[in-house]
Every structure is written in C-alpha cells, then in structure tokens.
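Presented as structure tokens, the chain that follows is alone, the form predicted alone.
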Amino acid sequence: MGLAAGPRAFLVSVGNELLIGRVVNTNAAWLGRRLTELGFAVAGCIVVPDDLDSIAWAFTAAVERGARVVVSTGGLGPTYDDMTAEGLARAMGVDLVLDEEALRMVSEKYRGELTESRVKMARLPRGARPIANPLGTAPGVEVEWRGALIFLLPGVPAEAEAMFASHVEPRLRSLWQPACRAEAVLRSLGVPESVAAPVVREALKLGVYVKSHPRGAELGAPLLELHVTAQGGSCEEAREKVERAVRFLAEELGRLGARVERVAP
C-alpha cells in the first residue's frame, strides 16, 4: 500500500536558506500533516532556491504529476529575491498585475505609506486572488491552473499556519469531503527492523499503511515505532482496519520476541 487514496497534493518550499541548512523546513512538516489529516495524498515536496526558473519548474512539475492542490511557502515579501508570485506567473504563462484588493491589504498594513517594494507584494499572477494575512504584511495568493488549486503562503511559519487555518483549510473543505482517517502508533522493543519488515509487509494486506521508524540501533536493543494509518468509507471502517492491523502486528512481532506496546492514540 502506497499513498493513501485521496486528491494528490504537493508542497513547494522556496528559499536559499532551506537548501543550505540555515533554516529547518518546518513549514513542509506542518503542512504535510494538516493536508494528510484533511484526506489528501501528499505526493511530494519540492524545495527550490530563490530563482525564477527553479520556482516556475517546481509549480509545473507538481501540476504535471497530477496535483489537485499545491501549497507553497516563502518568497512573497518586498525584497528583490522574493519572487514566488513571479515564478508562478512564469509557469502559467501570464503577466504579473497589480491587484487592487491586494494593494488595499498592503496599504492598510503600512497605514498608506507605500513604496515600490511594498507595492511589489500586491502584484499577483493574472487571474489570481489575494489571501488576507492576519499576522504579517504580505498577502497570500490563490489561483487555479490546469486543474490544480494553488496557494502561495509566506515563509514565516506563524503567518503560513494562520493563513492556512483561516483561508486554505476552509476552501479545501468546501471543495473536497475529507476522508475518514484513523491511526495508531506502536512501539516494538527487541526485534530489528530487518526482522520486522516481513511482518509489516503482511500487515499492508489488511488495508492499512504502516511506516516503521527505527529509534535505536539495528543491533543490540533495537527499538521501532510503527505508525499505522487507514482511510475508509466511514470513520468506523477506518478504525476497524487500524485495530485489526494493530492486533496482527502485536501478535506476530510478539512471536518473534518483541515487546510491543501501543503509545498513541
């Protein structure tokens, strides 16, 4: 079993600081989790530098791989290297245009004191709509392109999370009914991942996805976390799949000498 069934989503993370390791990409982790909880199959995360061609390529690649939703973070500010909106416009083959609603948002933030750098944040790809930023100055962007709904959010985590909660999530819920999803986390002590692997593979036949995370050395006193997830036509069906898999994993790993306990939920 691979990705969970559901509309495909891609993440695009923009910023040199992410690629050189100066900043940890917490936005991708947070957004991946939220989109998964909403029933989307997060199919990839593309991290690119502050470069127009790279940004345009990232959006094109996501859409060509069947994304129904693309969420980007970073590159919406007033400086010369904030170019995510322009990169998306290049991918779409449209111009950047001054959006009056976005300009109003920016003007209110700066109390009418506008400069060219500030006005820059109100230039959107033609056909796009601005997203209000409750915590910062740069508006976000929403646009539909080639069957994908694309959202551009700022790179500041607090701003991205607030805008996702206030705008992106309600929009997605209005368009797609979230799938019922259940999960559980098991901790297995005493069996190496290589020994547990065949058991995990058999568990997949129960209609779940199981990801093993080694938390200790493979040899000596191996410790594994097993994250079990399932989706179903109903929440009860999803929970039943998870419970069957949990019982199977505990029994089979126990036969191999592991001590298994459930740690969540």
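Because the structure is predicted, anything quoted here is derived from the model rather than measured. In case it trips you up, residue 1 is the first one in the sequence shown, and so on.
Another form, the form predicted in complex with another copy of the chain, is not on view; read the next lines as being about it.
At least one heavy atom of residue 42 is located within 4.5 Å of another copy of the chain in the predicted complex.
Although the partner is absent here, residue 26 is a contact residue: one of its heavy atoms lies within 4.5 angstroms of another copy of the chain in the predicted complex.
Interface residue remark: residue 144 is not counted as part of the site for another copy of the chain in the predicted complex, having no heavy atom within 4.5 Å. Using a 4.5 Å cutoff between non-hydrogen atoms, residue 127 does not count as a contact of another copy of the chain in the predicted complex. Here the chain stands alone, but in the predicted complex its contact with another copy of the chain, taken as any heavy atom within 4.5 Å, falls in 191-199 among 92-100, 191-199, 128-136, 161-169. Using a 4.5 Å cut-off to another copy of the chain in the predicted complex, not one of 109, 174 and 240 places a heavy atom inside that distance. Looking at 201-222, the residues that come within 4.5 Å of another copy of the chain in the predicted complex, counting any heavy atom, are 201, 204, 209, 210, 211, 212, 213.
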